[in-house]
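In structure tokens, one chain follows: the form predicted on its own.
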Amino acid sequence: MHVVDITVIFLYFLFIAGVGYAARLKVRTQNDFFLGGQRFKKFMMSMMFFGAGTNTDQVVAVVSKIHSVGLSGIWYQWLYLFISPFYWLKLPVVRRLRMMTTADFFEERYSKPLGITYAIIGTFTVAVNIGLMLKGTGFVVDAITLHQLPANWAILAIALLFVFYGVLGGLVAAVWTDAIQGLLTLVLSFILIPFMLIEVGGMSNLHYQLEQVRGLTDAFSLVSPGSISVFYIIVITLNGLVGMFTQPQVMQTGGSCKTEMDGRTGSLVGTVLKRVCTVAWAFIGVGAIYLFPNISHPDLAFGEMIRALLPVGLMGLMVAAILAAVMSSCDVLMVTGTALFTRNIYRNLVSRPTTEETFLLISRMASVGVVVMGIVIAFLLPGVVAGLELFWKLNAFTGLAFWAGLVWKRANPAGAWASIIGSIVVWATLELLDVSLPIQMLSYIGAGFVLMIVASVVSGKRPAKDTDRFYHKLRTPVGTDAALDVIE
């Protein structure tokens, strides 16, 4: 890389580290650290949802999948397209739960052991997600530098930076940096397209070369019967809907808004911006099919496009945007994993810190541990696409128990245990048998649904007093009943 590009990256890193360091002044309690003091309004919430939900592994996965199967690979991010309206409905629910972590939901609605179990699964899910993002970024840096900067060193450098400002500033630092990095990511998602169109001779020539000359008839099709069919799209969308509430960061992102409307608006605007960016990534992926047909690994395609097309200066800015995207997601996830460990595992199984200072110290130490776990997973993952598919599954295993807890009063701990354990057992069995992804998903979702109903009915009803307060909270908007404010 040119010295100008390296300078741009260094200055950007220095700026972001300074923002995160300044955010530490806003953190005095665990509510500040985990939920940002619940003071973020529409713009900051929009940027947090966009920044936390948009990262390097996603663009790498989309470009990689499109390079392999054609435009239908866009569904590896558009799987949430049809469930976007649920984000408008989800935020009031999350806000009214008045909880810091998703494990708090399982503990209050079902039992403490289920809360601890979710915390363990959720912490591992967070580590997988962090590892996935770092893995994707490593592939990009590896390609851009022509393998001169090894991916593993890039992973360590990125992790060090977001750990620095995340440990100091918690969710406040994460959201401040998301606002900056989200805007940069949005602009630079489209910056490759004009350079790509010039290189390929325009879109009409790209169509002709891929479809007529190379015979790739599915290159511009949103459905590819041989790989990503309509059935495939429906199943991964259903799986996304099942797991949308149990993504570990849901309580941090949804519970940090100042009002329910701030949360609703932020979640919908942030997710729509991400869908728009996915269109840009899809164009880049199709261009990569033409420009790099014989690439050694499809996960390298996005990095190769940056290296080949962008001029000096813009390449450095693009790399900064890529690193911004991964850091803006990893910092939120780091705070999420820390909250799950300290509140729902350490506090329940080891000790209950008596002061805010002690709790914050343990939280900051746990932050480093969560990221170290993510780095190890990044080194072990075989590829970005495989890691993304694993992440989808992990969220769905506990998703049915969450949905049932919201909408069915009869749902009880026995049903939740049966649903979670049954889903995992069915998935593990089918994974060993090398069954296709959509069949796996339909099987473990179906098994979890049936087991939840059967076990809940057979084991009998819970006393009304065990659930009345929970459902009363869901019916009570935040701010209208101070007695329901259960955040410590």
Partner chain sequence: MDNQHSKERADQEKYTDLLLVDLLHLDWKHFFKRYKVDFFGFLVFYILMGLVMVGTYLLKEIGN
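All values reported here derive from a predicted model rather than from experimental measurement. Numbering follows the first chain given and starts at 1. By rigid core we mean the largest C-alpha set that fits within 1.5 Å across both forms.
We do not show the form predicted together with the partner chain, though everything after this point is about it.
*Work out which of A157, I193, I234, L222 lies within 4.5 Å of the partner chain in the predicted complex, going by heavy atoms.*
For this set of options, the contacting one is L222.
*Sort through S111, T358, S84, S229 and report the residue having a heavy atom within 4.5 Å of the partner chain in the predicted complex.*
Looking at S111, T358, S84, S229 one by one, just S84 meets the 4.5 Å heavy-atom criterion.
*Candidate spot N129, I198 and I420, all three in 4.5 Å heavy atom range of the partner chain in the predicted complex?*
Heavy-atom distance to the partner chain in the predicted complex: none of the three under 4.5 Å.
*Is W403 close enough to the partner chain in the predicted complex to count, meaning some heavy atom within 4.5 Å?*
Yes, W403 is a contact residue.
*For F391, is any heavy atom within 4.5 Å of the partner chain in the predicted complex, or not?*
It does not: once the partner chain is placed as it appears in the predicted complex, F391 has no heavy atom within 4.5 Å of it.
*asked:* Quick check on R475: any heavy atom within 4.5 Å of the partner chain in the predicted complex?
replied: Judged by the heavy-atom cut-off of 4.5 Å, R475 is in contact with the partner chain in the predicted complex.
*With heavy atoms only and a cut-off of 4.5 Å, decide whether P92 touches the partner chain in the predicted complex.*
Looking in the predicted complex, residue contacts with the partner chain include P92, since a heavy atom lies within 4.5 Å.
*In terms of non-hydrogen atoms within 4.5 angstroms, which of the given stretches 120-128, 305-313, 201-209, 289-297 touches the partner chain in the predicted complex?*
Of the stretches listed, the one contacting the partner is 201-209.
*Partner contacts in the predicted complex for 265-290 (non-hydrogen atom within 4.5 angstroms of the partner chain)*: Heavy-atom contacts within 4.5 Å come from S267, L268, T271, V272, R275, V276, V279, F283.
*Against the rigid core, is the Cα displacement of V286 between the shown form and the other one at least 2 Å?*
Result for V286: yes, a 2 Å-plus shift.
*Is there a C-alpha shift of 2 Å or more at D104 between the shown form and the other one once the rigid core is superposed?*
No, the C-alpha moves less than 2 Å.
*Determine whether the C-alpha of L71 shifts by 2 Å or more between the shown form and the other one once the rigid core is superposed.*
Yes, the C-alpha position differs by at least 2 Å between the shown form and the other one.
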